[in-house]
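Given as structure tokens, the chain that follows is alone and in the form predicted alone.
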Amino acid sequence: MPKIKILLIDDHAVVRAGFKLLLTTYANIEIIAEATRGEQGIQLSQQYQPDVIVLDLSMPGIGGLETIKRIIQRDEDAKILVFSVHDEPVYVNRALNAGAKGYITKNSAPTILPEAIEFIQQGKNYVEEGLLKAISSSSDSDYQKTIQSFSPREFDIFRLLAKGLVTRKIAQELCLGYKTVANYATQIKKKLHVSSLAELAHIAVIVGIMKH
């Protein structure tokens, strides 16, 4: 039986090592390539044509959501599983809307990961059970709709602004110019009809991106 070929995209070496250790016990799954950021992952996905791509959402550079979008643009049949620390509905919705076929969290039971990989490789979708409930019960407020319409880049900057990061720090983290981030910040505030970062943080709590 041919093995399911995996491309793993995650910037944390410890996570990648744990992932590999877990999957060595499954004879039908093989990691054929690893990337530490989205840009590298996109190149490797074209080079290796993996059966399933497993990726994190929070990464330096273009980030996970933009990575999903670009991989799908190049290959609409790409099978992507998000493996993230985020269990909030807004992240799950955005990942699935971007083209991911599945979503599981890093604190899920170890058996869920290989199970999700097998489901997705067979052409099915897989969302961790508790997360499905969260999606269906997520509030459909005006804020939620506005945030859903953000581009992946806007969403990343919104999230970091809401966490309290200053423009310069966000520019460093996302490898963008200071002015670019400042322009995005202005745009985001305008779309949400707010003028301060405190209001942005409050909205992030309302929509479930940040805890109180």
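All residue numbers refer to positions in the sequence shown, first residue = 1. Treat the numbers as computed from the prediction; the structure is a model and nothing was measured.
Note that the form predicted in complex with a further copy of the same chain isn't included here; everything after this is about it.
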| said: I'd like to know whether residue 192 contacts a further copy of the same chain in the model of the complex, with contact meaning heavy atoms within 4.5 angstroms. | reply: no
| request: Indicate whether residue 177 is a 4.5 Å heavy atom neighbour of a further copy of the same chain in the model of the complex. | output: no
| Should residue 25 be counted as a contact of a further copy of the same chain in the model of the complex, where contact means heavy atoms within 4.5 Å? | no
| query | Any of the heavy atoms of residue 123 lying within 4.5 Å of a further copy of the same chain in the model of the complex? | reply | no
| Heavy atom within 4.5 Å of a further copy of the same chain in the model of the complex - the one residue of 162, 147, 52, 42 that qualifies | 162
| query | So which bits of 9-44 sit within 4.5 Å of a further copy of the same chain in the model of the complex, heavy atoms only? | reply | 11, 12, 13, 14, 15, 17, 18, 19, 20, 21, 22
